[in-house]
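The chain below stands alone and is given in structure tokens; this is the form predicted alone.
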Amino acid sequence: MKFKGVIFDLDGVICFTDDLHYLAWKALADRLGIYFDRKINDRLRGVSRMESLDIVLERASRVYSAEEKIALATEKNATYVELLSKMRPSDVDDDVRRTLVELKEAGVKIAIGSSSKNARIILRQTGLEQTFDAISDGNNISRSKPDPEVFLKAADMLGLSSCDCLVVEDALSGIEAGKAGGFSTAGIGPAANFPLTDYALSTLSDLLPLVFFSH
């Protein structure tokens, strides 16, 4: 077996909440009279909440204080959490569920490595809360991707070193974080084409041969 553990980003890999993030940021931007579209939203992928807010506020007509920014980020998150409450197990693709089951049955440890502070809510809503051996998220890190902290902590929770784990990501910042932490990386979606990505995946189950067989 090539890898003893697999660490998954959550959004864009296990499930997709991009549209919910977009709707929440758009609602905030509209209230503030700031232009915001899906192209700008693409820049927020894999970025922390406060850093995302700074991007949203680039087109603002005035400067916001640190206290105001905290309030705005809290407002956005409240809208997002409300939207998350509508997520269901059906929001996770069958290919994803089968892949997770096969990994666990083979004795591979699996973890979430996500910058989101709402990771556990998403996992609970989609019925995956008890599936992973470890969850490293925005609540236990001080530095967001591309810093490798979230993945290093996930590996530590699994009792594994970075060289024993494969990081699966859909964002460049996540691939960069994985490489910075000494992990092998597998990219899906946009990340499949990144030069830093070690393995390109079309579907999540494509990672199974990578994990089970050495190349």
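One-based numbering along the sequence shown. Note that the structure is a prediction, hence the values are computed from the model and not measured.
The following text describes the form predicted together with a small molecule, which does not appear among the structures shown.
Taking a 4.5 Å heavy atom cutoff to the small molecule in the predicted bound form, the contact residue among Lys179, Lys153, Arg45, Lys26 is Arg45.
Shown without its partner, this chain lists Lys104, Arg143, Lys117, Arg98 as candidates; in the predicted bound form, only Lys117 has a non-hydrogen atom within 4.5 angstroms of the small molecule.
Highlighted residues Asp91, Arg124 and Thr131: none comes within 4.5 Å of the small molecule in the predicted bound form, counting any heavy atom. In the predicted bound form, the small molecule sits within 4.5 Å of a heavy atom belonging to Lys76. Thr185 falls outside the set of residues with a heavy atom inside 4.5 Å of the small molecule in the predicted bound form. Ser162 falls outside the set of residues with a heavy atom inside 4.5 Å of the small molecule in the predicted bound form. Of the candidate stretches 46-54, 64-72, 185-193, 153-161, only 46-54 has residues whose heavy atoms lie within 4.5 Å of the small molecule in the predicted bound form.
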